[in-house]
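Single chain ahead, written as structure tokens, the form predicted on its own.
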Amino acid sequence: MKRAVRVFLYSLAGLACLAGAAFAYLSLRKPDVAPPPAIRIEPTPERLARGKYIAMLADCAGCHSPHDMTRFGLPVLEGQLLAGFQFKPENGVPGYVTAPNLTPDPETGIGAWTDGEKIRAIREGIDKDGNTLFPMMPYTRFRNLSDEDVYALVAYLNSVPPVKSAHPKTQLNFPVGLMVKFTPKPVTAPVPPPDRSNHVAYGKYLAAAGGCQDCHGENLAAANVFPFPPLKVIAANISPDRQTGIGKWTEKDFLDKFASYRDYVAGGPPKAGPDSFTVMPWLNFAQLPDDDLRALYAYLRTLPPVKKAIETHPGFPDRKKT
């Protein structure tokens, strides 16, 4: 009996040592970091226009700006574009996550960062000081942005009005704060521009840059829930299933859906009914060129259909199913 107790205690001690060693390893381990590229981006008019488009497509302002929560589409508060925002645990994040101020303010924004440090943060998830960014910042998919699109995005960020707006640093709960160190990976090869003449390939590129799968899931029918107590929004099934997805939509139906929000973007009245309560960035996507929307439609049509009925606005007075 005593021998069994000793064996048990030795085993516990061994496990404690292993746990301690693992904790020490994770605590001391640095993320996989490469030096930032030594580059200075020339802000040509073409780059500035493309960079603004990429920022809109990727909805950078969605996380990095405070919003007017009382208005349809949650528009950015006036004068606060890309001024940063802190997500608290009640927002579904593991701790306090700050989407930092991306304006060129040198004290509270990224005005003191080099262009190479900005590129590294966007594509590799490493900030100016070598710290890992929480992967709510989608650098794992932004690493596939073409070199020129990343340069354009940086040129645009350099051009926005600086806003002095300080935020506390991200504080992640254990063990997430240790595990995120394994996420960053250096981009080791040039990323060519997408072939815009291939609608399916370009649509896939746009869908990745726009984060369709972040909300709609890998199969585009994941029914991810976005709570806004006492209501909630559930991401729609946008797979090409004909009964429960968008398989019956023609290309014109698809374009018309986005175009229906353009009046509001131009200053018209907001949508009524369930469409007045949404987390889909319609205000951005309504501004996409029709040819890009055609490319998105062509890509979505190639994906496997998923039969999954989703009620997108449960509990809303005027319920809508898609």
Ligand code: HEC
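From 1 onward, residues are counted along the sequence shown. No experiment lies behind these values; they were computed from the predicted model shown.
Omitted from view is the form predicted together with this ligand, to which the following refers.
Peer 1: Counting heavy atoms only and using a 4.5 Å cut-off, do 64, 113 and 236 all touch this ligand in the predicted bound form?
Peer 2: Every residue of the spot touches this ligand in the predicted bound form.
Peer 1: State the residue from 137, 187, 160, 76 whose non-hydrogen atoms include one within 4.5 Å of this ligand in the predicted bound form.
Peer 2: Exactly one residue meets the criterion: 137.
Peer 1: Of these, 34, 39, 279, 48, which has a heavy atom no more than 4.5 Å from this ligand in the predicted bound form?
Peer 2: It is 279.
Peer 1: If we define contact as a non-hydrogen atom of the residue within 4.5 angstroms of the partner, is residue 105 a contact of this ligand in the predicted bound form?
Peer 2: Close contact is absent here: in the predicted bound form, residue 105 is far from this ligand, nothing within 4.5 Å, heavy atoms only.
Peer 1: Though only this chain appears here, would residue 58 touch this ligand in the predicted bound form if you measure heavy atom gaps against 4.5 Å?
Peer 2: Because a heavy atom of residue 58 falls inside 4.5 Å of this ligand in the predicted bound form, the answer is yes.
Peer 1: Taking heavy atoms and a 4.5 Å cut-off, does residue 174 contact this ligand in the predicted bound form?
Peer 2: The answer is no: residue 174 has no heavy atom within 4.5 Å of this ligand.
Peer 1: Any of the heavy atoms of residue 165 lying within 4.5 Å of this ligand in the predicted bound form?
Peer 2: Contact check for residue 165: no, nothing within 4.5 Å of this ligand in the predicted bound form.
Peer 1: Only counting heavy atoms and a 4.5 Å limit, does any residue of 93-116 reach this ligand in the predicted bound form, and if so which ones?
Peer 2: Those in contact are 97, 98, 99, 100, 102, 110, 113.
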